[in-house]
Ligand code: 6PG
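Presented below, as structure tokens, is a lone chain in the form predicted alone.
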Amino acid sequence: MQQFGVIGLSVMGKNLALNVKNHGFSVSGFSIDKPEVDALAKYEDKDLKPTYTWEEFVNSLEKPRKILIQIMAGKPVDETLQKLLPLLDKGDILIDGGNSNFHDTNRRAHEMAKHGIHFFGMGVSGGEEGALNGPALMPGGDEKAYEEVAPILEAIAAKTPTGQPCVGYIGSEGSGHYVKMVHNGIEYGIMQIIAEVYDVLRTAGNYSNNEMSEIFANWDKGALQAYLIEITSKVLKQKDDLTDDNIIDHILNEASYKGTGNWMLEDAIKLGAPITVIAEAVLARFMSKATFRDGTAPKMDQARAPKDLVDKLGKALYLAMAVSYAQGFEQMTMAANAYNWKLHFSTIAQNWEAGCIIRSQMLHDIKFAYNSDPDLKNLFKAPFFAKVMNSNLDALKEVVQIAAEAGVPTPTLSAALNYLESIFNPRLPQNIIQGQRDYFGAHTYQRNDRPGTFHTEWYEEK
């Protein structure tokens, strides 16, 4: 009998099955697509069993069965659950490793619980390579059931620089998929921040692709060390197969998206979470598809770019990345309160330290911040990040100004600056908005000098 099962054997599912096998656990694989099973069968041995029917697959697994469902999110997951239910026993464990909406995962968890089945939603990040060699895993569901699968998940997960597995219990219901959704939103933010820094470098700094590649490579060696910084350096210097140029100059400047960023914004609006950097990053992708391509590119007098532009950009990039992370954790904090989840924020940071797309040196500092204060409401209240803000804020201001003079749009860099200048500002001008609302709609307001709710009989002077 096999110790673990995987349903869905496209590249991600197949690689995860092989990862389980490579770490000393026996695994069965099944797909409704026979060629996928045939592809897995090339690796068949006593620890890897390809199966061709639902019954053969389920009957090949030891009890309680531990099954990972690695298929397209949405209706296919519900159809798979309906196929499996008659074949399962109480106590069996199902794990949805796709990018499901957390609302669907909540529903499925409650439906499966009625049948005595433990259901997990587990975010998986790291792509094809991560699936085979070590992904970041974000499991949410029944904690006791998690303990049953933890040895396997900890074995196959990526490891932090100190050897800790990038997997840990997130919380109940759909919290694992929620955290993966936030991971993807932070990813949107950091990618757009990097894009804007690249734009300032090439437009205001007049750096070549190869020079910019070297700049990003140097940043990746220090505090800015991050997977997305690393691959940006590689993307910039890649030669084109069809021309003598670098490929970056022939990639159409339209960014696609799959929807998880949209989901995060939807819930942010519901919660009232001020995730301005992530929102602007999502909207920037929309903007790229709506841009008129018969316009003219900005030009700037290169002499006006400061000689320490690269240093300023590095500081601005670091601080803006911190804001993207901070806004993600802020939304998760608000979600935990709204949905009654006990999220483990230091564990989440550890889960992201390696294997996933947003892995970076900064996550070690974020983990330490939440270890020091598990009830931290905002990352910039932690001493380390308060110092980061104070040390880099002036550089971020200057970069936004330089970009404006160069005609370079900076939606996320500007949003990061505005966020930091807002959250610690006791004199925001929303008092005038409340005055307006009370004037035209008698919506009432609160005062800053005494408790209670008030309304004014406004009048116009004759």
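What you see is a predicted model, and the numbers here were worked out from it, not measured in a lab. Don't overthink the numbering: it's just position in the shown sequence, from 1.
There is another form of this protein, the form predicted together with this ligand, and it is not shown here; the text below is about that form.
Stretch 255 to 263 is the answer when you ask which of 70 to 78, 255 to 263, 86 to 94, 315 to 323 has residues with heavy atoms within 4.5 Å of this ligand in the model of the complex.
Taking the partner from elsewhere, Asn99 is found to have a heavy atom lying within 4.5 Å of this ligand in the model of the complex. Under a 4.5 angstroms non-hydrogen atom cutoff, this ligand in the model of the complex lacks Lys367 among its neighbouring residues. Proximity of Asn184 to this ligand in the model of the complex: non-hydrogen atoms within 4.5 Å are present.
Under a 4.5 angstroms non-hydrogen atom cutoff, this ligand in the model of the complex has Gly126 among its neighbouring residues.
This chain lacks the partner; the member of His344, Lys237, Arg285, His118 within 4.5 angstroms of this ligand in the model of the complex by a non-hydrogen atom is Arg285. For the options Ala145, Ala336, Ala382, Ile357, the one in contact with this ligand in the model of the complex, meaning a heavy atom within 4.5 Å, is Ile357.
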